[in-house]
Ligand code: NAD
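In structure tokens, the next block holds one chain alone, the form predicted on its own.
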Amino acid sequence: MTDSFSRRGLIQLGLGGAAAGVLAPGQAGAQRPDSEKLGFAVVGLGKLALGQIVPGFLNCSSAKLAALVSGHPDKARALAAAQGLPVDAIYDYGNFDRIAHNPRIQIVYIALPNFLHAEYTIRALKAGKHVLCEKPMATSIADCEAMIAAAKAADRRLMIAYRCQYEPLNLEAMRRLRSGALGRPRLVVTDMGRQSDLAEPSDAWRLDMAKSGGGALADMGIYGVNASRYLLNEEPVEVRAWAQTNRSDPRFRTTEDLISWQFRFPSGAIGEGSTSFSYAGTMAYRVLCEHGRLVADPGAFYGGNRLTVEGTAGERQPKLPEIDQFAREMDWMADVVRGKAPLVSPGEEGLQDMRLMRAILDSVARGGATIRTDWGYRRAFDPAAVVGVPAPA
């Protein structure tokens, strides 16, 4: 499947520069009748799927819900009935591969616990379906590489659900930094964490290293790792990291708790990040530049994010539209499959974050030793240059 959105193609379309001409929702693929929307199978009916993904289809212009995959038949049947899906649109994990014979499904959304991402992504790709996979991409570098290889072998698209790369506040922050109005970015600070509870089933597997691939770092810290990269539009060349974990706390038998790290970037900027499963909930970042700063607090919630820009002209809070972030990324994936939008967050993006998180944990294990991280990865598309947002009302 040839990707029509090459770097050269973007330049020819006038999209290779900064924000002018970027693709806004519905612009890459205008509002379509339901019969023309691409069908998604949602795999895993946990909190995220029930609370965000399935409701998100109501706000999609290019995507629709076509099937459900769950190990809980009663839950799946009740949801299918509520969504108007036929009985043959329900699958379990045993008969999952039969999706290959369902022409109503073009894309599979993997919303399973992290340790199952690789298996079901690869099975979906072998079934001839495109895949939108939740982050973190997997629990190991090897699994990420296998997922990328499977997508290439199947000639299908693999996108990682980095919703913040398609969200108005984060896009505005990127563009402000790219404009140079605040001067050169010098320091990016990200703090992403929350309290966890072993009595909560969705936290229990996140606190299991084998199932989560990194505890708080894989669940919350990944937002900071990814944000520091897309805000600066460059990749770190080295990292140092430290952890503070109370092993008498039953939550942290196999994972680290509080982790703090420092990235060094080629431009000279420094990235400082923290994550924890035992501090007050926060998803915030700030960028200190030569002539001003950006503060996003919160900066990665599903809604209600706030951006403050402080520069030579004073302080202001840009008026930004609220969107359904899950509908946005599902529509974007549908337009990628149609060849109407570039693949902004491919499997390689997920692999880069996995490698960086492994480097952080490696540094922690070595008492804060410096780990080189310049592996040559460069993103194919800058979100600030190709992803648009609707105009404020």
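As the structure is a prediction and not an experimental result, all values here were calculated from the model. Start at 1 and count along the sequence shown; that's the residue number.
Beyond the structure shown, there is the form predicted together with this ligand, which is absent from this document and is the topic of what follows.
- For E172, no non-hydrogen atom is located within 4.5 Å of this ligand in the model of the complex, even though that partner is not displayed.
- Among heavy atoms of H72, some come within 4.5 Å of this ligand in the model of the complex.
- Although the partner is absent here, F326 lies within 4.5 Å of this ligand in the model of the complex, judged by heavy atoms.
- Heavy atoms of F115 reach within 4.5 Å of this ligand in the model of the complex, making it an interface residue.
- Checked against this ligand in the model of the complex, the candidates W242, F96, Y302, Y279 yield a single residue with a heavy atom inside 4.5 Å, and that residue is Y302.
- Checked against this ligand in the model of the complex, the candidates R229, R163, R251, H130 yield a single residue with a heavy atom inside 4.5 Å, and that residue is R163.
- Only one segment in the set 59-67, 45-53, 338-346, 354-362 has any non-hydrogen atom within 4.5 angstroms of this ligand in the model of the complex, and it is 45-53.
- Of all the residues from 181-209, those having a non-hydrogen atom no more than 4.5 Å from this ligand in the model of the complex are S202, W205, R206.
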